[in-house]
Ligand SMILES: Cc1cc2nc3c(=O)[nH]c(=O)nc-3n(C[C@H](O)[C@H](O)[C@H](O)COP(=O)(O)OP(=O)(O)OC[C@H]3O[C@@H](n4cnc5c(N)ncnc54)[C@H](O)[C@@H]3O)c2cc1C
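Quick setup: one chain, the form predicted alone, written in structure tokens, and binding and motion questions come after.
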């Protein structure tokens, strides 16, 4: 596998990004093929349900269910839990996030299969939880789209309003890659978990803005703010008032779209810290925005060898965890670390278990 710097949809960035060449699919293909050549047997359509322990408390296998709800058991000298988080389990989402979980959806279709079984089965035998169970890596997406990751990373060039037609956040605190997550979580807290990103014709003055708009759905357009409000279903008078107040607070400084330009509003609450230009040139355009759950933060405690730790701070013999099954993040996600968390902790688990069982590296 090769990792390299990659182009991103962020028009403004606080850091560069790296990723596996070919994406996560390339990792699955490369390592899966290598495992099959080494004689590894895969059991498809089979879901692990619980762990098996011996009299000493060591994990020695797991119970699973296959097609037609057929039960089966697997014995093992070690078990590595690498089944992701729980963004595809609405019962767990509601438990940790409350009613707003209903407005969340996984960023990609594969997220629906992340049901949290690995986390639950380890907690059931006394594993310690780690990570922020009340937060998730949030991305702003167009809820109308069925495309993978239909993200909206250009909202900073317009304004965001909720279903009452009111602004609720500073849309442009700084580089979009450093702040979109915090803003998206605020979107999730609005009524119905939805907001509307509103622009005028000035959006076309942002170079390559379509790079940051991944939705395959066209914007709702109108010749007036009132007509746009009707098109998106928010109170026209409220949206007209919001836009008018915002326009009065905008200055006349130089607009520099590819870097934070300090073009801020004056005496407006909430403020807009950058790219604050009047919205007064039709056509007016809007893309709806909701919070997508890329992955959950809560998971299992592990040590530097990826061994799962129990509530007393001791490793559970024979049990490991990797990837998003590991609880690592608090409050915010550190870019470019999610895929590496799987690769690094997975390798650490394999090396430790191989050494524990007398196998060669």
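Numbering follows the first chain given and starts at 1. None of the values given here were measured: they were computed from a predicted structure.
Omitted here: the form predicted together with this ligand. The next part is about that form.
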Full three-residue contact with this ligand in the model of the complex, heavy atom 4.5 Å, for 114, 149 and 295: yes
Out of 89 to 97, 71 to 79, 103 to 111, 277 to 285, where are the residues with a heavy atom within 4.5 Å of this ligand in the model of the complex? 103 to 111
If the cut-off is 4.5 angstroms on heavy atoms, which of these, 83, 188, 242, 169, is the one near this ligand in the model of the complex? 83
Within 4.5 Å, heavy atoms only: does residue 13 come near this ligand in the model of the complex? no
Taking heavy atoms only, is residue 323 within 4.5 angstroms of this ligand in the model of the complex? yes
Are any of the heavy atoms in residue 60 no more than 4.5 Å from a heavy atom of this ligand in the model of the complex? no
Hey, in the model of the complex, is residue 48 touching this ligand, heavy atoms inside 4.5 Å? yes
Residues of 323 to 354 having any heavy atom within 4.5 Å of this ligand in the model of the complex, listed in sequence order: 323, 324, 333, 336, 337, 338, 339
